[in-house]
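For reference, the chain that follows is the form predicted on its own, supplied as C-alpha cells.
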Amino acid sequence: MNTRRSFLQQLTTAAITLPLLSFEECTDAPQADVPYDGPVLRVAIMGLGGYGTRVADAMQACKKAKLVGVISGTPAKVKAWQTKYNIPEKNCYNYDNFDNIRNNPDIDAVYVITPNALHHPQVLRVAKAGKHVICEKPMALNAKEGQEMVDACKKANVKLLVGYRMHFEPKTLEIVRMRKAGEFGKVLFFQGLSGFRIGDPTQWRLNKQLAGGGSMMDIGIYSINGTRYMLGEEPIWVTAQETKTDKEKFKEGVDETIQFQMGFPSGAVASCLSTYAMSNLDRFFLDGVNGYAELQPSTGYGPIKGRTHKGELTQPHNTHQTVQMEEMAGIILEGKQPEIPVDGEEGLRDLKIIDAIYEACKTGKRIDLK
C-alpha cells in the first residue's frame, strides 16, 4: 500500500538521523588465528536505519553470525545494502511480504531494529514464519505486549532474544563477577545516570505513538536493566518523579526527564535518572560495605571505562555489536547460557518496571512489584 510504504519510509529516514552517544568507538574485533568451521547464524536485519547499519557493519567481523538478508520499506536502501553487503535478491523483503521468509531456508533469524511500536507486530509475524528473533530494546511498548511476544515465540518454538549488548561487555562482566564473589561485601546502593540532549523534534523517538514514551523508552532502560544485573536482584518497589521543562518539544505522554528509585529484597536501593534534556550522563556506581565499582561511560558504544576499590578496570574493548551477535549465535545455535540473560523474559522484566515507573509518575505513589 502506498500510504503504508510512505509511512515506513519516513520512519526509516528518521532513524538515520537519530542522535548517537558520541563516545570513541573501536570498530575492529579481534581476529582469531584458527579458521572457524562451526555453525553460522544467518541473519536478516529488519530496519535499515542508523543502528541497523551499525549492526550490519559490526557483523562483518563475526564468525558465528552472518548478514544474509534485509527487510525494509525503502527500495533504494535495499539496493544499497545488496551492493554493500553482497545480499542476494531472494533474501530481500519489504514490510508487506516478509512473512514469506517462512519459505526461505537461507535465513535463520531476523533482527528487528525498527521504532518501538512496531516491535510487537513484527516479532509476532517473524515468529509465525518460524524464524528466531532478535529484537532491539525496549522489546515492546508495555508488559502486556512483551508477554504476548514471549508466548508467541514459545508457541512457534523459536528463540526470542533482546539486543542487550552490555550483557557481554568485559568491564561490566568483571564487576558482576566481583559482586558474585563477594568482593564488595553487602551491596547497599546503586546509581544509574542515563541521558543526552535529543535533537530533531520531529523524529519518531519523540512521537508517543511510535516510541511509547520518551527518554525512559530509549536511554532510561539502560539504568533499569543495569541496576538489575549490577545488583543481581529484582526490585520489589519503585517510586518516580517526572520533570518537563519543554512542553512543546516533549508532548503529552513523551517524558523528558524522570528520576526513579527502586528497592530490593536485600535492602539495597537504587537512584536513577533518565533524560533527553541533559548531556554527560552515562554513569553507573555501585557501593558495598567493602568496596565500590564505577563505570563512566557505562553504556555508550565504547570504550567503556571503569574502576573499583581495587583499581582501574583494564579489560579490552571490542565492538559491542560484533561481540553481541557472536554470543547470540552461540545461544541460538549451541544453547550457550550467557552470564546475564538476554532472552524475552529478561526484556519482559524491564517492561514491567517501566510500566510501574510510569504509573508512579502519574499517581505519585510507591508501586509494589510482584
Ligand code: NDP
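None of these values were measured; they are calculated from a predicted model. Quick note: we count residues from 1 along the sequence shown, nothing fancier.
Absent from the display: the form predicted in complex with this ligand. The rest refers to it.
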*Should W204 be counted as a contact of this ligand in the model of the complex, where contact means heavy atoms within 4.5 Å?*
yes
*in the model of the complex, does L48 have a heavy atom within 4.5 Å of this ligand?*
yes
*asked:* Is it the case that I113, even though its partner is missing from this view, gets within 4.5 Å of this ligand in the model of the complex, heavy atoms only?
replied: yes
*Does this ligand get within 4.5 angstroms of any non-hydrogen atom of H132 in the model of the complex?*
no
*Tell me, out of G213, G163, P297, G288, which residue has a non-hydrogen atom within 4.5 angstroms of this ligand in the model of the complex.*
G163
*Please pick, from F98, F260, F190, Y222, the one residue with any non-hydrogen atom lying within 4.5 angstroms of this ligand in the model of the complex.*
Y222
*asked:* Is it true that K208, D255 and G344, all three, sit within 4.5 Å of this ligand in the model of the complex, judged by heavy atoms?
replied: no
*What stretch, of 175 to 183, 228 to 236, 71 to 79, 280 to 288, brings heavy atoms to within 4.5 Å of this ligand in the model of the complex?*
71 to 79
_Given a 4.5 Å distance limit between heavy atoms, list every residue of 294 to 312 close to this ligand in the model of the complex, or none if there are none._
Y301
